[in-house]
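Only one chain is included here, represented as structure tokens and corresponding to the form predicted on its own.
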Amino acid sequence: MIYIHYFDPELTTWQQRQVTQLTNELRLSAPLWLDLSEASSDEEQQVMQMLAIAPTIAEDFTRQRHPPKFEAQADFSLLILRGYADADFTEFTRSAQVNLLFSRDILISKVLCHEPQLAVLLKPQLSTGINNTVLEWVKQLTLTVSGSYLGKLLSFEDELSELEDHMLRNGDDELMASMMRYRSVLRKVNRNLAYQKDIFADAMYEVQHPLSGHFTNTDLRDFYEKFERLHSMTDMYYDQLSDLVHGYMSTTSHQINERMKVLTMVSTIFIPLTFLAGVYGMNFHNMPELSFANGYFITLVIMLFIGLGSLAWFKFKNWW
């Protein structure tokens, strides 16, 4: 069952009525809040038809997964935001989807969030103060969405510093895998923040944008700057992780090259020795050297000088 939350000035408390009791008289008790987070599809359609919501906006509002966007019709505006609901950036399960359909006197919200504490914050604060308006609710929810990223990004800054120190001291494949997971999560977060930043950037710079009719330019600039800062932070952290990944790959490649250099030098020394051993291992009867009494020892001495000479040449070239 869907309930309408409204403030009763006589009782000075917030009251509830069933959505079927939404009348013009009740709409005079603005602001009103309808929470469709637990509503069925039929109930959602009932509300959309009752308030004459345009089909395209109604379809976007009722979707469980939709990228952040803003759209307006004559009476209602649709604002879809995405908050960050995971504990940290080690993995990304799904975003907190916040769908807001609002007019001057009615707010309809649909919040899909798997994190209980954030889900509580993504509800309008029903108070008796003078700022208890639909636009203040939308402003509060927008700031809550931006705040869901900020605290975790600030905590990740310290974690990233420790990760960088570990990589410089003793990098390994496990840390490399952690950095790749972080990069993947930050890329998804960055995409969500870019959408939301662009929503408020358009509202600031477009002439007669619908959002500018709801919020002051100061509020829009505040929203934009918050999401722009978050977007810049994710860009910076992603670049730092990329530098660490490239640094680890470069170090690993250098270590491999050093090992290959040693193997190459060993191969270079033993190739002529193997050639000599191959020549004198052919067992032809007419080989002149077979008649030398000290041929075996002479060949060993030659092979020894070849090996030592190769090592001396490598040392002279500073190859080891």
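For every residue, the number given is its place in the sequence shown, counted from 1. Everything numeric in this text was worked out from a predicted model, so none of it was measured. Note that the rigid core is defined as the largest set of C-alphas that superpose within 1.5 Å between two forms.
Here the subject shifts to the form predicted together with a further copy of the same chain, a form of this protein not shown in this document.
a further copy of the same chain in the model of the complex comes within 4.5 Å of no heavy atom belonging to W14. Taking the partner from elsewhere, D243 is found to have a heavy atom lying within 4.5 Å of a further copy of the same chain in the model of the complex. Contact between M249 and a further copy of the same chain in the model of the complex is found at the 4.5 Å heavy atom cutoff. Within 4.5 Å of some heavy atom of a further copy of the same chain in the model of the complex lies at least one heavy atom of M236. Residues of 281-295 lying near a further copy of the same chain in the model of the complex, listed in sequence order, are G281, M282, N283, F284, H285, N286, M287, P288, E289, L290, S291, A293, G295, the criterion being any heavy atom within 4.5 Å.
Positional change of G295 between the shown form and the other one reaches 2 Å or more at the C-alpha, relative to the superposed core.
If you fit the rigid core between the shown form and the other one, you'll see the Cα of H285 move by 2 angstroms or more.
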